[in-house]
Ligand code: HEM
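Starting off, we have a lone chain in the form predicted alone, written out as structure tokens.
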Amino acid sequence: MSTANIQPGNAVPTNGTHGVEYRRVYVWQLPVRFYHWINAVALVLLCVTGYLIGAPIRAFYAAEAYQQYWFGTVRFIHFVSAFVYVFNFAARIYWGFVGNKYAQWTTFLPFKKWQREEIVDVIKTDVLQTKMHGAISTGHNSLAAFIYFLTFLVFCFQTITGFALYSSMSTSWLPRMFTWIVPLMGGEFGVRFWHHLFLWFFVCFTIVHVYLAFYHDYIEGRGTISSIVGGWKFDRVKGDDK
């Protein structure tokens, strides 16, 4: 890591006699932060509009036909959000090869022994709560990174099934690439069922993701929440454990 990405700073003494020294580390680069927030907005819009498409409600009533076109607006927002989501995800795939070590795709797969050991350690600490304190990672811990990888796979599944459903009503080349998915999954009913079912995966993921972000920000006090806005986190200087 270059020295340009690390800045020293002093924390308030915890015991009245010894100040804990931290260093400022640039973790989340600007493209990663852009991806995160664009994806967050697109995903919320997709979940809300997707739920309404799957379970329509009579939200408005009016005598004129043009005043009853709210469902068309819902579908339009869903389609636009889907295209934004797909191209934003494509940009993230590219950055997984050219970004810093915290953005690299190798961090999302537990190929190394220490990553698998960290997964077990995080499960004991955050899930089973059989340990008071676990390892603190500057970027994603290995369990979070692997879950994000699984989430990326669900992203791909939702993209494929979503465009497959859209292919019957579009002449665009992108949706038409997935027409073969419909007969493969037993018709539009099967595609729609699985596409709607995985909506709830993202609802659950979002709730857990936000909770854990605030939880680790509170427990660790290293700028977890602010880092996804400014990019910087704080690491305790090695050897300063008195």
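Keep in mind the model is a prediction, meaning the values are calculated, not measured. Residue positions are given as counts along the sequence shown, with the first one as 1.
Note that the form predicted in complex with the ligand isn't included here; everything after this is about it.
> Do His196 and the ligand share at least one heavy atom pair within 4.5 Å in the predicted complex?
It does: once the ligand is placed as it appears in the predicted complex, His196 has a heavy atom within 4.5 Å of it.
> Does Ile228 make contact with the ligand in the predicted complex, using a 4.5 Å heavy atom cut-off?
Yes, Ile228 is a contact residue.
> Would you classify Thr179 as touching the ligand in the predicted complex, given a 4.5 Å non-hydrogen atom cut-off?
The answer is no: Thr179 has no heavy atom within 4.5 Å of the ligand.
> Please determine whether Met185 contacts the ligand in the predicted complex, using a 4.5 Å cut-off between heavy atoms.
Flag for Met185 set to no.
> Please tell me whether the candidate spot formed by Ala91, Arg116 and Lys124 is one where all three residues come within 4.5 Å of the ligand in the predicted complex (heavy atoms).
Not one of the three qualifies.
> Pick from Leu153, Leu128, Met169, Val98: which residue has any heavy atom within 4.5 angstroms of the ligand in the predicted complex?
Residue within 4.5 Å of the partner: Met169.
> Sort through Trp70, Tyr51, Tyr215, Phe34 and report the residue having a heavy atom within 4.5 Å of the ligand in the predicted complex.
Exactly one residue meets the criterion: Tyr51.
> If you look in the predicted complex, which residues in 171-187 sit within 4.5 Å of the ligand (heavy atoms)?
Not one residue comes within 4.5 Å of the partner.
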